[in-house]
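Consider the single chain below, provided in structure tokens and representing the form predicted on its own.
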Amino acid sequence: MSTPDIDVIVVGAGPVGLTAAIVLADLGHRVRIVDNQAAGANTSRAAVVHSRTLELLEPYGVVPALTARGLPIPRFTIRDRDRTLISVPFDGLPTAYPYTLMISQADTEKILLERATELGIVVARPATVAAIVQGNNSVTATLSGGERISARYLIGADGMHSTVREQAGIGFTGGSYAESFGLADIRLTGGIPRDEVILYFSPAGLVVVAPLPDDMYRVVAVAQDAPHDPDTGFVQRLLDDRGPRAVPGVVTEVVWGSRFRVHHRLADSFRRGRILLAGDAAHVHSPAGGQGMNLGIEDAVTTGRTLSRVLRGETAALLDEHAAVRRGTARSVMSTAGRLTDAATIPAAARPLRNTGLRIAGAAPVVRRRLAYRLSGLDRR
């Protein structure tokens, strides 16, 4: 058998793939990243970095830049228009990062890519993986241009439409929400605070409004008629129908916008032989709670650390154990996100009962603390 070229191929140069490569390179392994998009072409969907994610990234030299660029937000609030149903504070959490950090995915990727470059990691792009073949001691990826790269293992961090998952023959079980989601980064004036992430419930559907750096806000909303490029009028209607009434938010500019459909799918396995899955290649779910990218980065860090142990001679059974644990964690996070989405879109007739239940639950400190642990990811320590 020929000797593999490198230790690990990472397919995908988003936050998950970059993190996995950084962890492995930091531990002394030879890594190469392959991505099918040109630099900077990824869209900026994720905007939340939670406490546990910052803890996991701390050893790898990127947290100072992230916290310097991002906006720390001390609480998460669920509201029905002007009425607060439950407020979840993060500032009492036992962590060096007692907040939600709001930062665009573009900035997160830029910071991670700079660190990867410092570690000597090569990103081949745009480069599409055409085929993956596993052998007894290696896995070989053939790129669309004909180049072949062999490695001891391969990590698929190439998103929901993962070529790696498809090539490995791993099923992706689940479905999708009937509605589309609109997303926009905006500037506004009015009654939306800068110190909390708010999930607004309304009969028209949910809308999440979260502050971003540079005096912007991120708006994410369920909308059957979400346009591909949301304009000021569309976002204004969302806030008028679902946001605060006493002092309405007034949209002054849409900086960037998009439309997407939310799926709830889970890979049947996170490992097949020398192929491992992480991030959206392994799990996708509702954006409620802002868990998607955070769970993916958690996948990347834990996968990199476990794989390093195997590359250094420990039993490959560690990878099966790790894959099973990560799949269970993803299932739990998906359940929480799904419950938030279901609660937000409950029929109007059940809305008063839901609101009463949330207010009663939210009055209990133990409930607020439990929610803070879950949303921050600290319950997964």
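If you're wondering where the values come from, they're calculated on a predicted model, not measured in any experiment. Start at 1 with the first residue shown and count on from there.
Not on display, but discussed next: the form predicted together with a small molecule.
Site annotation in the predicted bound form: the residue of V31, V34, L56, A330 reaching within 4.5 Å of the small molecule with a heavy atom is V34. None of G304, G292, P230, G243 but one reaches within 4.5 angstroms of the small molecule in the predicted bound form through a heavy atom, and that residue is G292.
Only one listed stretch (198-206, 152-160, 232-240, 85-93) carries heavy atoms within 4.5 Å of the small molecule in the predicted bound form, and that stretch is 152-160. Heavy atoms of E298 never reach within 4.5 Å of the small molecule in the predicted bound form, leaving it off the interface.
Contact check for R45: a non-hydrogen atom falls within 4.5 Å of the small molecule in the predicted bound form. At the 4.5 Å threshold, heavy atoms of I121 stay clear of the small molecule in the predicted bound form, well away from it. Looking at F172, you'd find every heavy atom of it more than 4.5 angstroms from the small molecule in the predicted bound form.
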